[in-house]
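Below you'll find only one chain, the form predicted alone, shown as structure tokens.
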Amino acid sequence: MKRIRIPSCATPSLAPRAARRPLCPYATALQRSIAPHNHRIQARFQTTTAVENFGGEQIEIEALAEQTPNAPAAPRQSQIHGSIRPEELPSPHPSEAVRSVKLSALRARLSLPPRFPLQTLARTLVHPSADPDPNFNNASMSMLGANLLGYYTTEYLLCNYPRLPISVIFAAQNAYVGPRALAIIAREWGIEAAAEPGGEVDPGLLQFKRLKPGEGVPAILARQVPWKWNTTNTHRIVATDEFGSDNAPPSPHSLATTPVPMEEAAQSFVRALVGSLHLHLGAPLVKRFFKAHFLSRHLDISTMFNFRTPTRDLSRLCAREGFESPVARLISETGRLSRHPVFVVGVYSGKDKLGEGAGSSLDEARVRAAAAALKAWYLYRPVDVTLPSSMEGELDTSKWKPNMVDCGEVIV
């Protein structure tokens, strides 16, 4: 076989260009971001193609492609994004995410699998106030994550505490995944905020447009238009958000180019992270992530009750359930004639003691005993609970056990 040398300009005319497979966008970003360690070393591409000779024999052509004026040169650090400099971008380019140490540390700190792309993690840190383009901010993923967090939290509360009043459910849900709770979780994850958003900022920093010193909260965040002038519990359940708010919360897309406080940007990041995990890794991993980072936080639901007339509520509850009328009985006392007496009163329905309370007077002890009896009723937890989301995608439904559905709270 004969070897001949053919210039690079004649190679396309002899050998037709073969169809190339489309490259992965992440691989393309990696290839474009890699620069040679020495600018004097030129890229050399060596190809071997078979060309049919006039005489009928095959000639192996070894073409050495030399750098020509039309060939693209290796990109410099300041020309990675084309003709636009990084300082001119509102947020870091997605190709910068693979070189961010903060993003890699955050992914490892949250125990996320390596297949979760750093480009998506970097996008969750860009608030719409920093970059109004919906293709580069976290507005859409934040809306998805908010719906997932509300669904999983409500499912957990209703299945494990089927007798909770609706006001306590709203308060518990706000304590688990409310705005302030999400901001605290983001701070515990070690999220740091950038002083000013821009293309030259590290992608591992939370980017948002800050409020100027002395500037008040924007009107769009201060107080929204009420849902309805006569807001009731039924309206909060059907028409409002997952926290039973009286006012309509702002949409993430409406906060574009609007200065926001850090709490707003932090909660947007946490919601966007949950939404991106659902898109890339699926629902099973999101449920484990939700259980590890949200439900693992201790919440004493018994402190969220606020009874105005516990004795009357207990009487209505016993009448609805067919129990005997509650009767308060003195169990023990000490120091009746002293300055600090203590009375222990129990509330009984027939021979069953429903609750017990202590106070400095008989009336105070009786009210506390009635409140304790109501808490014992509302905080009932079934032994075996099967969450509806745990059966998603399951072909074998024999493990499903129907959950308890209570008739609701007492209406006085």
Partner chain sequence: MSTCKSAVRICTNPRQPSSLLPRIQCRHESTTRRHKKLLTVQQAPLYTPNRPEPTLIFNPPSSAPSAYHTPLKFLPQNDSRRALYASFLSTSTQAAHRTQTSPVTAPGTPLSTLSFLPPKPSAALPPAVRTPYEKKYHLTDVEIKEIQRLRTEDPVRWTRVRLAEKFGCSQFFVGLVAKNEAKAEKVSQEHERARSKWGTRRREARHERERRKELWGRDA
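None of these values were measured; they are calculated from a predicted model. Positions refer to the first chain, counted from 1.
From this point on, the text means the form predicted in complex with the partner chain, which you will not see here.
If the criterion is a non-hydrogen atom within 4.5 angstroms, does every one of K351, V367 and K375 touch the partner chain in the model of the complex?
All of them do, each having a heavy atom within 4.5 Å of the partner.
Considering only heavy atoms, tell me if S302 and the partner chain come within 4.5 Å of each other in the model of the complex.
Yes, contact at 4.5 Å.
Would F323 count as a contact of the partner chain in the model of the complex, using a 4.5 angstroms cut-off between non-hydrogen atoms?
Output for F323 is yes: heavy atoms within 4.5 Å of the partner chain.
Hey, in the model of the complex, does L330 get a heavy atom within 4.5 angstroms of the partner chain?
The answer is yes: L330 has a heavy atom within 4.5 Å of the partner chain.
4.5 angstroms heavy atom contact with the partner chain in the model of the complex for M391:
Residue-level check for M391: no, no contact with the partner chain.
Thinking of the partner chain in the model of the complex, which stretch from 156-164, 129-137, 275-283, 102-110 has heavy atoms inside 4.5 Å of it?
Flagged stretch: 156-164.
Tell me, which of F116, F243, Y151, F307 has a heavy atom within 4.5 angstroms of the partner chain in the model of the complex?
Selected residue: F307.
What residues in 196-218 sit within 4.5 Å of the partner chain in the model of the complex, counting heavy atoms only?
Counting only heavy atoms within 4.5 Å of the partner chain in the model of the complex, no residue of 196-218 makes contact.
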